[in-house]
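In the block that follows, a single chain appears as structure tokens, in the form predicted on its own.
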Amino acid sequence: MATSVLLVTGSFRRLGNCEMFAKEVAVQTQIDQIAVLRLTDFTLKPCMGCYRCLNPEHRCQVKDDLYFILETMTAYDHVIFSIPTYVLGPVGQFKLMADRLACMSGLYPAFQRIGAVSAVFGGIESWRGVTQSMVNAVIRMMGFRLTGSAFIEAALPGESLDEAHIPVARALAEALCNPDKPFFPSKTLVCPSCGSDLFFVQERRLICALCDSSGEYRDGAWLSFHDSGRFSEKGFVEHFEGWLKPKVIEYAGKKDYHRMLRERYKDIGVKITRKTAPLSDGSEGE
């Protein structure tokens, strides 16, 4: 049966490290139907925080290309996310999409059937920051079956296709096509549940900052570990149906109180616009 793969790239640079490496992974899969979706070719606007989209009868009222992007993803059997690191985190265009996660709840069942891998890029390994953990958390929360992820140290154009990185592309391709061979290489300790390398420490236990799983790690081994299930289907339902929707209903019951607070604070401070004069200490012309 014919299969297809969509490359979702986050870099503004066409045919840069992100796009070319993703295409190499796609070629390694030997899948004939390959498509490229550059997030930077589309308009993505910030979330308004209104939670209107949590009602299945409503769609997000922000007018941009988000739904086109999401519905395009559902048309493919596999997705390769290829995202660069900007200032220790994912590029802003990916973050804008991630901030609209509540809009995606209705597409969760469609995403569950789609396999995904991620390639994250940065110039220096020690400056990779939180990009890979955040990108993978978003992919999992959207519902995709994430089977592989790798950080690629590539700063100059074309470095992602250096000989040292080709085996990584091959392994990601295999993980995408064969979920029984996952590929999550890491030089640091990672959460066994979600793969994040971000932890809080509480009473000598490590708590994953992204999925809330926890355990005790000592001398190179996990002595105990509890999987929170945050990124499972059950965890998704518990958060969006069990917690978020009731909070929206609670907010609706407090609208008068909220309106009173807005009236109290609305005239405090000077709103900055392009026509606003800068603050002055009265020393002009001296």
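Only a predicted model underlies this, so the values are computations on that prediction, with no experimental measurement involved. Numbers follow the displayed sequence, beginning with 1.
Beyond what is shown, the protein has a form predicted in complex with a small molecule; the following relates to that form.
Of the candidate stretches 186-194, 72-80, 205-213, 154-162, only 154-162 contains residues with a heavy atom within 4.5 Å of the small molecule in the model of the complex. Using a 4.5 angstroms heavy atom cutoff to the small molecule in the model of the complex, all of 11, 121 and 128 count as contacting. Just one of 85, 147, 93, 105 comes within 4.5 Å of the small molecule in the model of the complex, counting any heavy atom, and that one is 85. In the model of the complex, none of the heavy atoms of residue 22 sits within 4.5 Å of a heavy atom of the small molecule.
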